[in-house]
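One chain is shown next in structure tokens, namely the form predicted alone.
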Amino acid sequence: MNIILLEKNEVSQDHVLLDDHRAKHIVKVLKSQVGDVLRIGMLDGDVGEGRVESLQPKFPFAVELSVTLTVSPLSSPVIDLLLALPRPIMLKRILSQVTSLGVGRIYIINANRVEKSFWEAGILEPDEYRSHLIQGLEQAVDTRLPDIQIRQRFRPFIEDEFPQIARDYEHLLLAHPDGKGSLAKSMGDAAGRVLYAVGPEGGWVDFEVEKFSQRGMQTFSMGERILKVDTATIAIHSRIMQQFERNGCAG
């Protein structure tokens, strides 16, 4: 936890009282004392400092902070993710890690090879997935929560909704083992927003690839090795960031 993140409704008159895992972290991990200054951020808001005004060093832990927020958050990411719903334990890892890397929006969609039981998982509830997004922000020292969009029906999404979505992006990239080109070739030297799509275990079926291709998605391959969904997602995201660096623009 490299930053202590606060909810807007927790702060009153520039003070906040923490009595949850954040208080335990401040006491047990940071070993803070009264008068110490900590890095603080407001979720979807500014970054600043929190001065420890008082604390309870034993269970139940409690820490009172005076808060000053004066620094704008990191710029909004220009990379978004379209993800066929993976198994729940894998989704938890992906949400935390791509948030840490920097993602503006995550579309979680259905696909032919997505198991129906995955849609009953609790992680798809906002109260459940939000905590994993926050973990990613705490790691990266950011405050901007990604926008999560969940679509359980593939065909209405790709036919009715996706054409409008696609207009927001310079690059539409579809990871597929049979893709003809590389990611770097697909992106070229152009800057602009990127939406990359990662399929389920077993990959996209031909019908899905065709639908994506008809709407401007360029298929690319990560090479001969078949990767797990979470590994592929992070590897692709990292390569996109690397390509931005080569092109001399921010990702």
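Numbering starts at 1 and follows the sequence shown. All values derive from a computational prediction rather than experimental measurement.
There is also a form predicted in complex with another copy of the chain; it is not shown, and the following applies to it.
- Contact annotation for the candidate site: Q97, E224 and R246 all lie close to another copy of the chain in the model of the complex (heavy atom within 4.5 Å).
- The shortest heavy atom separation between D142 and another copy of the chain in the model of the complex is within 4.5 Å.
- Using a 4.5 Å cutoff between non-hydrogen atoms, R193 does not count as a contact of another copy of the chain in the model of the complex.
- At a distance threshold of 4.5 angstroms between non-hydrogen atoms, I234 is in contact with another copy of the chain in the model of the complex.
- Looking at M241, you'd find a heavy atom of it within 4.5 angstroms of another copy of the chain in the model of the complex.
- Though another copy of the chain is absent from this view, in the model of the complex it lies within 4.5 Å of a heavy atom of just one residue from L124, V114, I134, L101, which is L101.
- Of the candidates R51, R215, K28, R39, R39 is the one whose heavy atoms come within 4.5 Å of another copy of the chain in the model of the complex; the others do not.
- Only one segment in the set 157 to 165, 115 to 123, 75 to 83, 171 to 179 has residues whose heavy atoms sit within 4.5 Å of another copy of the chain in the model of the complex; it is 75 to 83.
- Residues from 173 to 187 that approach another copy of the chain in the model of the complex with a non-hydrogen atom closer than or equal to 4.5 Å are S182, L183, A184, in the order they occur in the chain.
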